[in-house]
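Only one chain is included here, represented as structure tokens and corresponding to the form predicted alone.
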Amino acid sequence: MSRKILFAASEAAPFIATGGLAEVVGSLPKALHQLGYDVRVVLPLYRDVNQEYRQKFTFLGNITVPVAWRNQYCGIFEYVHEGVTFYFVDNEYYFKRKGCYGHFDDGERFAFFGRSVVEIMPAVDFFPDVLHCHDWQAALAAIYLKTVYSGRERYRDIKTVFTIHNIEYQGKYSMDNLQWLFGIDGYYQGVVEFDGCINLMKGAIECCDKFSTVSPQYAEEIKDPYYAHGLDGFIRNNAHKLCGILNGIDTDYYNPKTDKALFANYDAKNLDNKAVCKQELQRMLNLQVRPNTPIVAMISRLVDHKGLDLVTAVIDEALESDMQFVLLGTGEGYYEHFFAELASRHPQQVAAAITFNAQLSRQIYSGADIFLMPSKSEPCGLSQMIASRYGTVALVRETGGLKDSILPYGNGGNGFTFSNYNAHDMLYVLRQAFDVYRNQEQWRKLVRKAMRTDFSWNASAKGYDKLYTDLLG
């Protein structure tokens, strides 16, 4: 009989996505299903859930979910996608509004969600062997299971795994909310209390049987105050429960051989059409069409921790080399204005698209030569994997998942790396990459190596398979 896993998360591709969490929750269950698991996923039914799928959902019925002193309606919808059953919990008061996060009552909204994850188990007749919760928005499901529901027979043997995708967002609330908002008895105050307030991520780590991060390196980094946003001591105390498993990408979706967004298709065996992609990208962005000039690309949120201060410090110096620079992204006003102004000063050498455009991102992944990702911190990162898949060689700082996925050229690696958070260290390695690029035979070997690196979810799924097996015995 197959092992039963229930995922609880606040988003999943292709239904609703704001970032990397959605990619994981959309792809990992499918890979686990292929390993023989019965995997199901619970999500909130937001107003913004993709209508193409929403109209195919089946209504299973409704239950009442207690949220502290309130009793709230909870509709349950079901949809099977690529062998995985998704349940959507519906309450228009909480979820019929624009966007997933950032509302004044997010604490109450995700208290409802966490409680509904546990409450729908008898309604859908699915009591999992493992409840796997993702980030603070789903943390309460793990907390409720081990506190409010700990005495109920059918819940007693369920194991819990909690995955931290980004430790910066912890779900912090005033201690006044313990019973009034979250419905947690004062007896359990110590479970969620941290630094004088309720900390839901801390509570989930306390309650879970195992917790994981999205790369082995990040699992080590969050023991350090520099990365842990205050939780480092607590993480170190619970290190016996911690493991890091590198995320993957959907290699069917990100496939230069079949991707319809590209100007031309290619693969690692035949790279000729990558040159076509580069030429058409240069034309489209009004850059000089120069086949032998390397294009350095960034696709990123324009925020400090993505290493943009390093780029702004040395980009003028870098542009003295024979190179072109392409940037796609939105974010902080300072960076938006900086790169727009840089493009206006170097119109044939720099293109800055201050927007989010999924098709353009794939055209950049396929048309560029070097993908720059100098992050200050990066729990896993997917862009360096996608770029590699499209034969655009990644140049990254050695942090989090970047260090685990990109290994330095010269040591048989698949890209370029630098370790110190220093603009001129980055520039030095960028110039090394240009030197390798000038030897086209070497460069093509490196491109093929990058493209053939296994970033599929199969490798990650095996890591979670081991985690569940160790947990269940």
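Quick note: we count residues from 1 along the sequence shown, nothing fancier. None of the values given here were measured: they were computed from a predicted structure.
Separately, the form predicted in complex with a small molecule exists; it is not shown, and the next lines address it.
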Distance check, Asn247 to the small molecule in the predicted bound form, heavy atom within 4.5 Å: yes
Proximity of Cys133 to the small molecule in the predicted bound form, heavy atoms at 4.5 Å: no
The small molecule contact at His165 in the predicted bound form, heavy atom, 4.5 Å: yes
Partner proximity in the predicted bound form: Leu382 to the small molecule, non-hydrogen atom cutoff 4.5 Å: yes
Candidate stretches 231-239, 374-382, 251-259, 84-92 - the one whose heavy atoms come within 4.5 Å of the small molecule in the predicted bound form: 374-382
Residue (of Val311, Val214, Ala368, Leu327) lying close to the small molecule in the predicted bound form, criterion heavy atoms within 4.5 Å: Val214
Candidate from Val24, Ala9, Ala450, Ile16 lying within 4.5 Å of the small molecule in the predicted bound form - any heavy atom: Val24
